[in-house]
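Single chain ahead, by itself, as structure tokens, in the form predicted on its own.
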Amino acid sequence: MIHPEVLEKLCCTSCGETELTLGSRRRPDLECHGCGTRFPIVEGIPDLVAPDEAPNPGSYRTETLENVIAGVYDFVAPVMSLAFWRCSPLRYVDHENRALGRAQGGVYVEAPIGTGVALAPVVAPHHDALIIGIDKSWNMLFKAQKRLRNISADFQLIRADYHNLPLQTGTVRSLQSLNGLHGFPDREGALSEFNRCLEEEGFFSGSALVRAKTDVADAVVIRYERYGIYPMLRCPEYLLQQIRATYFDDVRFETHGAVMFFTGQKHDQAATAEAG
């Protein structure tokens, strides 16, 4: 039901306790030994969103949109990427392959996982990695589960909030967020969580929509923001500044149309403190 190695790396999103066990009730769930919170497991996917968490309106609208488009995402996303964002979908697949390679047999996290469309073509050569896919949308998770159910790698899907990840500190070697940052209501909170979960000198990479690259893309983004779906987006340099401010070193980026791809490495904070 839940990969045992994944269970060892989880933590409670309500109290931070690192010991979660499978419950013994008729309905499957995960039980926290610290606060007693029970997290349901739906079709093999644990729901680790904190029970008392109240999403803000922007988060709710974005999640609702993702649930609505999940069924047609695999067809719509390539068209949007080519026609509006002016970026080849193959660039996502290439970026995914490189991010998986950086895991080097460790833990690889994809947040958001979406429908798994970028992961599926490249996962076979990386069967030694422990892969965890995280998303807030149930429909996206179910689509990813269907697509990736026959992969040979150790794999687990989890529903969670990006600014409150159910992963223990320092357990992830490579974390990827393709087209995620522009949809996070609390972008700085999510970046801090990604940093917390990474090993020292672990890798963070991904992509995001940015402004001032194509007029067509900017017009679409303005409509998104008008309806409160996505938070305010800026130019690539502004997003790069946010990523670097969250203890990521050597951040490199390139833009293709209105999409910025980036790769960075977590600070060795202990070494930095000693040097100071």
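Quick note: we count residues from 1 along the sequence shown, nothing fancier. This is a predicted model, so every value here is computed, not measured.
Another form, the form predicted in complex with a small molecule, is not on view; read the next lines as being about it.
Visitor: Let me test this: is every residue among 193, 244 and 266 within 4.5 Å of the small molecule in the predicted complex, going by heavy atom positions?
Guide: Zero of three within 4.5 Å in the predicted complex.
Visitor: 151, 130, 100, 117: which sits within 4.5 Å of the small molecule in the predicted complex by any heavy atom?
Guide: After the contact test, the surviving option is 117.
Visitor: Of the residues 140, 167, 157, 198, which one places a heavy atom within 4.5 Å of the small molecule in the predicted complex?
Guide: Flagged contact: 140.
Visitor: With a 4.5 Å heavy atom cut-off, would you call residue 145 a contact of the small molecule in the predicted complex?
Guide: No, residue 145 stays farther than 4.5 Å from the small molecule in the predicted complex.
Visitor: Check whether residue 179 has any heavy atom within 4.5 Å of a heavy atom of the small molecule in the predicted complex, and answer yes or no.
Guide: Flag for residue 179 set to yes.
Visitor: Using a 4.5 angstroms cut-off on non-hydrogen atoms, would residue 112 count as touching the small molecule in the predicted complex?
Guide: Close contact exists here: in the predicted complex, residue 112 approaches the small molecule to within 4.5 Å, heavy atoms only.
Visitor: Given that the partner is absent here, does residue 73 sit within 4.5 Å of the small molecule in the predicted complex, heavy atoms only?
Guide: Looking in the predicted complex, residue contacts with the small molecule include residue 73, since a heavy atom lies within 4.5 Å.
Visitor: Given the stretches 130-138, 198-206, 167-175, 101-109, which is the single one in contact with the small molecule in the predicted complex, using a heavy atom cutoff of 4.5 Å?
Guide: Answer to the contact question: 130-138.
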